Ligand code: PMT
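Next up: a single chain in structure tokens, the form predicted alone.
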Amino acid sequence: MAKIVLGVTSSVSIYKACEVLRGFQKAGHEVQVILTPNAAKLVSPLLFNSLSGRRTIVELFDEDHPWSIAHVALAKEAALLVVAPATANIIAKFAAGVADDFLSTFYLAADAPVLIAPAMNEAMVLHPQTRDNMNRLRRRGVEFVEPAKGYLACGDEGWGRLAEPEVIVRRGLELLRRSLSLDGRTVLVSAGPTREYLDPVRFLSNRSSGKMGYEMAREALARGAKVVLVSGPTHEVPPARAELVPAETAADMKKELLKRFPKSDIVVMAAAVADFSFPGQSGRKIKKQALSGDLKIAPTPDILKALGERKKGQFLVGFAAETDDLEANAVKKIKAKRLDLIVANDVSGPGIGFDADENQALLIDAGGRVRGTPKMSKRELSRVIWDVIEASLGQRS
């Protein structure tokens, strides 16, 4: 039995939230209801108290019940947050990070999957600002049950009607199942660039921001895995529940990955390891006048190939950043390095690849099957990649 938090806002379709609550209960789950203050003006919290068997939370500050502390405790217990119905106001608050009531505060504190079912007037749901807010949340991993077309409270016919409760419940249960799909698995992820130093102030590196690797780690955590994140230097904030292992150079990264590889079930090599290093690194800054025009460089260790040679049942995923012949180069790499899956992307395209929030990729498995993705946020792409990994693991067993 999981604990589901049901957020209810002040839409006229609020009465359908009772059916959503019942649907999750029939599936065997406990439901904690949070009403926004305006929602509590439409329907008494006593109704949800009776249906859920729990005291409905409304106010952020309550002298009799210290909910201002409870939002943190509840966030740790919640397996899923569903907001149904969701007004344009709560969607805007979530997108902007506003925390001025219990529900918006809980959203920021929770680490559980989030499902939002909007309900509002057609003009509001189609307004560019609302669509932008929804897209911002999607890029962060929030999922939506799109509103339906039908008779609206204002008397008009159009888009904005709350999706049917059974549809909302079904999507919520799918998210719950996915949140446990990697339970018991250990996932090893590499991310970010490496730095290969010439002297204490100069180094060779690349444009990798680490965003894709961090999203792969974040999505693995959301599916219940234990995650070890070996990361090069990056400004990204690591997921709170991942074990973070810093690695600055290619040699550092190889050492840390090889140490943890035997105890890993799935290995995702999203790091952009520098291809060359300086064999004669100086301990002091080399003066410009002393630098010759033919600096000597040497290849860095091929970490992915080393892991492929040591593979004993692990599912190994590689990444290929290319500027031409994307599929052909990726196929060569998957064979040469004994990969189970490769994610290839064209980094010459505008707005995708290195240091971007979005990406577009080809996913090629060891059997030669190719799947292309449209341009999407790296968070959304991480979900697609993990779906493919899980499907491949299912075929193995």
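Residue positions are given as counts along the sequence shown, with the first one as 1. This one's a predicted model, so the numbers in the text were calculated from it and none came from an experiment.
Just so you know, the form predicted in complex with this ligand exists too; it's not on screen, but the next bit is about it.
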query: Option touching this ligand, based on a heavy atom within 4.5 Å in the predicted bound form, out of D265, E143, E248, E322; finding: E322
query: Single option in R241, R131, R207, K255 placed near this ligand in the predicted bound form, where near means a heavy atom within 4.5 Å; finding: R207
query: Options 53-61, 36-44, 366-374, 353-361; stretch whose heavy atom lies within 4.5 Å of this ligand in the predicted bound form; finding: 353-361
query: A270, I303 and N345 each touching this ligand in the predicted bound form (heavy atom, 4.5 Å); finding: yes
query: Partner proximity in the predicted bound form: M212 to this ligand, non-hydrogen atom cutoff 4.5 Å; finding: yes
query: 4.5 angstroms heavy atom contact with this ligand in the predicted bound form for D275; finding: yes
query: Proximity of P147 to this ligand in the predicted bound form, heavy atoms at 4.5 Å; finding: no
query: This ligand contact in the predicted bound form: G318, any heavy atom under 4.5 Å; finding: yes
query: Interface residues of 323-339 toward this ligand, as seen in the predicted bound form [heavy atoms, 4.5 Å]; finding: K333, K337
